[in-house]
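There is one chain below, alone, in structure tokens, taken in the form predicted alone.
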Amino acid sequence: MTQIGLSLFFIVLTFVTYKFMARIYARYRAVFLLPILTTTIAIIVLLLTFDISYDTYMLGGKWIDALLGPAVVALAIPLYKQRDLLKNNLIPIIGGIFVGSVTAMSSGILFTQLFGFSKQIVLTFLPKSITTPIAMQITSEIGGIPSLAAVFVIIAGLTGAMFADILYKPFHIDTAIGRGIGLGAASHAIGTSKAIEYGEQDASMSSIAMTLSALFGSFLGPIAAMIFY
């Protein structure tokens, strides 16, 4: 099969797998059936079963990855529609995102130190709630392991999206601002995909939280690294 054929095959495979998993999630709404998680597992199983290398899969996967940038930019549309909500609640929104960023980094430091991880792992874990490209850059600057940081970012995104419903109910977090900021600040783009399920306002708040968390993290990360080490 030619490279073009392989590319199309893996694009279609990924799309069909995701749509199938999304239907299952829509029907059962179980925590562990989140489409992004089940699709990832299914693709990994298929690649291992048929002994297909990651590089071969990425012949098609790279085109899906390339669309992530425009997809993130498209989040500006619901944000623009909700600009009045943003203007009327500017201070609590920015304050909530800042507190969320500090909490995310502080919890990462406490967790890794509690279990006695090395300095390098602590610094790698520090930007776990920031979107992947920026988290990897911050990690590189403060002496962590960028590739491992990407793994931690994915884990933070998945756990936030999976357990948001469970955590929101007992704490009575039932407003679009609260849900959106929580998901965006803690779980970046994956959390934002979950926020879309709640509604347009939640998605708007999550997208701005994801963006500002990356901005705050760029300053707070190096400062936290200097303070603790």
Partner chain sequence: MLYVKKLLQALLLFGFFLVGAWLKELLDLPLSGSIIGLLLLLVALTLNIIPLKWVESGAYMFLGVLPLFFIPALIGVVNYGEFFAGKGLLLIPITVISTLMTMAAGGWVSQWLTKQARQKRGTR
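Positions refer to the first chain, counted from 1. As the structure is a prediction and not an experimental result, all values here were calculated from the model.
Not on display, but discussed next: the form predicted in complex with the partner chain.
Is there a heavy atom of residue 95 no more than 4.5 Å from a heavy atom of the partner chain in the model of the complex? So residue 95 counts as contacting the partner chain.
Examine residue 23 and determine whether its closest non-hydrogen atom to the partner chain in the model of the complex is within 4.5 angstroms. No, residue 23 stays farther than 4.5 Å from the partner chain in the model of the complex.
Could you confirm whether residue 100 comes within 4.5 Å of the partner chain in the model of the complex, counting heavy atoms only? Output for residue 100 is yes: heavy atoms within 4.5 Å of the partner chain.
Give a yes/no on whether residue 44 approaches the partner chain to within 4.5 Å in the model of the complex, heavy atoms considered. Looking in the model of the complex, residue contacts with the partner chain include residue 44, since a heavy atom lies within 4.5 Å.
Need the contact residues for 97-116: heavy atom within 4.5 Å of the partner chain in the model of the complex, sequence order, or none if there are none. The stretch touches the partner through 99, 100, 103, 104, 107, 108, 111, 112, 115, 116.
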